[in-house]
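Shown here is one chain on its own, the form predicted alone, set out as C-alpha cells.
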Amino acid sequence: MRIDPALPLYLGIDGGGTRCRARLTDAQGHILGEGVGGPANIRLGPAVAWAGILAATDAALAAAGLDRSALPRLRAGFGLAGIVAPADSDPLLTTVPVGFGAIAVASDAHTACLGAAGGADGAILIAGTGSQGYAIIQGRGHAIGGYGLTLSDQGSGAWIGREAVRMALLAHDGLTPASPLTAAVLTRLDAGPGRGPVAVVDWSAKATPGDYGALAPLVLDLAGQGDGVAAAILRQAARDLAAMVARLCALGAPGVSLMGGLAGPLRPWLPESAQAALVAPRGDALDGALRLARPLPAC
C-alpha cells in the first residue's frame, strides 16, 4: 500500500507492565503495521516506559516500511498502565526522547474502554491478574477498584490465588475442612512434613500478584471437579465482580464488556443479573488508543 507522505499517520500504544503494543494506521484507518516492545507501565519510570514505547513504535514503523523519519507525522495516543491521575503522565511527557508530531496520554483502562465501547458510552470490567472496572459516561471516565492486591483486586486471579493459600493454612490448622485444593496448594508451595506453614510464609514474603495469580487455574480446575473449597472461592469472586458490574451500570453504562484472562473462565460463575449486563467489546485497547489520537491537532 502506498503511504501518502502529505497525510498524517496515527499511532496507538497499549503499554502494560509486561509488554507494550503499537498499531500504526493511515488517515483512513487502514492498519499499516503493528509491533511489540517491553514494559511501559509509567510506575517503572519514564526511561523504562519510553524504551518499551519506542521499541514497539519502531517495530510498527518497520512493518509499514517506514523508520523514525516518519515520527513528526505521527499523532500518537498512549494508553499506559500506572496512570491514576492526569499528572502521572507529566514525567513521561517532559522527557520525550524523539520528535513525535503530537501525543495524548491516558490510562490503559481508559483506552481499553474507548475501544470496547467504540467511542460511545460504555464500560469494561477487567478480570486478569488484577481487577478493575471503568466506565466512560458522556466523555468522563469513572474508575472502580484497581488499587492493587493489598487494597482491592477482588475477583481477580491474584485474589483467587491468595484465598486458596489462606484456606490452605486454615485447613492445616484445623480451622476449616481440608480438601484436594488445600492439599494441592500446600504441595505446590513445598509445605510438606517438617515444614508446614513455614514454607508458605517464606513464599508469601516474596510472592507477587502474578505468583498468587498462577494458582488461579488450580482453583478453577478443582472447582470443576467438585472441590467445595475451590467452588466457594469462585462464588465469592463472582459476587465481587457482579457488584462492580452493578456499580458500572448504576453510573449509566448501557452495558459492560468483561475482559482479561479470567473473563471466560469466571463468566459462568456470575449471577444471571450480571451476565445480562454483559456485552461484546467492539474493539480492543489499541483501537481505543487510536481514538485518543484522532482529535489531536495537525502535526
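Since we're looking at a predicted model, the values are computed, not measured. Don't overthink the numbering: it's just position in the shown sequence, from 1.
Although it is not shown, the form predicted together with a further copy of the same chain is what the next lines describe.
- Residues within 4.5 angstroms of a further copy of the same chain in the model of the complex, judged by any non-hydrogen atom, belong to 150-158 and to none of the other stretches in 93-101, 73-81, 150-158, 107-115.
- Although the partner is absent from this view, A87 stays clear of a further copy of the same chain in the model of the complex, with no non-hydrogen atom inside 4.5 angstroms.
- A residue is said to contact a partner when one of its heavy atoms sits within 4.5 Å of a partner heavy atom; A143 meets this definition for a further copy of the same chain in the model of the complex.
- Under a 4.5 angstroms non-hydrogen atom cutoff, a further copy of the same chain in the model of the complex lacks A63 among its neighbouring residues.
- Not displayed here, a further copy of the same chain is kept clear of A263 by more than 4.5 Å at the level of heavy atoms in the model of the complex.
- Proximity to a further copy of the same chain in the model of the complex, defined as a heavy atom within 4.5 Å, singles out one entry of A135, V229, V200, V185, which is V200.
- Residue-level contacts in the model of the complex: of L54, L32, A243, L44, one residue has a heavy atom within 4.5 Å of a further copy of the same chain, and it is A243.
- If you take 157-181 and check each residue for a heavy atom within 4.5 Å of a further copy of the same chain in the model of the complex, you get R162, V165, R166, L169, L170, H172, D173, G174, L175, in sequence order.
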